[in-house]
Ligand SMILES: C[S@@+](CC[C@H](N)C(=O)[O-])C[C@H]1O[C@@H](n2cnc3c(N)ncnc32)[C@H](O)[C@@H]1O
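Take a look at this single chain, the form predicted alone, given in structure tokens.
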């Protein structure tokens, strides 16, 4: 194969030029002697390019040893697969749900999605499937469309968190691994014998983490999405929580008046969007002596607590109840302008 023989004094300058032109074959190891370095080339450069850019170098034909070094990053793995322009559009951050990676592929790189997916698996040996986000959250259940682009052709992921294991279909249910810290934080506040209302339970992460990490008596896990309920039942069995977590299919605003009025010591409300429409049901679900509500909202980053605190105060006034704010925090960024916040408050 072709190589470029470069005097030692010119190595750094020539190496940078070769890299800029995407001419270095990263799958091969360069050769070094006392006087020069021979770089392995991904293709034969034109005579005009050699004359213009590499006047002090010599084009040679030789063999190179294989470079078996594992790439350390996604950018590293894609060095020889993307042009300099394509590299500008690459999004290197992605969510991992256990053995599955979920990544956004910009329109400019759609034609390279398989290469990107394979590179993610190459760099992250625990990843078995790579899914690309194929649209915005949509529908009544706020599901994000995803499509396999590398690895196993499935949208079902296996995820572990705080001693629990979950299986879920990411194409059919909303799930956020980013709330794992919140689930564990709340579990450490639950007292022995508490009965918890786990609203918008999804595939069961909140109530199941509670069951495995707290002394609660039981959790009423309310979920409207039938596919999520199906996965939740499977996860309850998988984690042997049948005596503590009770799935209830249906709309929170219908289930609470019919089944849960005055039954809960604590209520969690991790709805992706629109949780304010269910605050009254959370108040109704608490026992007559009061209890704690964990209320989540997406709000503008510049003043995220103003609106949710006003909603809480307004609802408390409607029920003629006193409240005490126990905790408030920005949980995570959602976009450059929006964040998710949590407010814990006690009704007395």
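Positions refer to the first chain, counted from 1. Fair warning: this is a prediction, and the values are worked out from it, not measured in the lab.
The same protein also has a form predicted together with the named molecule, omitted here; what follows describes it.
Note to self: When the named molecule is placed as it is in the predicted complex, are 295, 308 and 345 each within 4.5 Å of it, taking any non-hydrogen atom of the residue?
What the structure shows: The answer is no; none of 295, 308 and 345 reaches the named molecule.
Next item on the list: Heavy atom within 4.5 Å of the named molecule in the predicted complex: which of 82, 102, 171, 271 fits that? Just give me the one.
Entry: Only one option qualifies, and that one is 271.
Margin query: Can you pick out, from 183, 162, 263, 118, the residue that has a heavy atom within 4.5 Å of the named molecule in the predicted complex?
Written below: Checked against the cut-off, the match is 183.
Next item on the list: Pick the stretch from 107-115, 202-210, 186-194, 68-76 whose residues have a heavy atom within 4.5 Å of the named molecule in the predicted complex.
Entry: That would be 202-210.
Check: Any of the heavy atoms of residue 144 lying within 4.5 Å of the named molecule in the predicted complex?
Finding: Residue-level check for residue 144: no, no contact with the named molecule.
Next item on the list: Although the named molecule is absent from this view, report whether residue 175 comes within 4.5 Å of it in the predicted complex, heavy atoms only.
Entry: Output for residue 175 is yes: heavy atoms within 4.5 Å of the named molecule.
Checklist line | the named molecule contact at residue 214 in the predicted complex, heavy atom, 4.5 Å | finding: Outside the cut-off, so no.
Note to self: in the predicted complex, is there a heavy atom of the named molecule that lies within 4.5 Å of any heavy atom of residue 224, even though the partner is absent here?
What the structure shows: Answer yes; at least one heavy atom of residue 224 falls within 4.5 Å of the named molecule in the predicted complex.
Check: Within 243-281, which residues have a heavy atom closer than or equal to 4.5 Å from the named molecule in the predicted complex?
Finding: Residues within 4.5 Å: 250, 251, 252, 270, 271, 272, 278.
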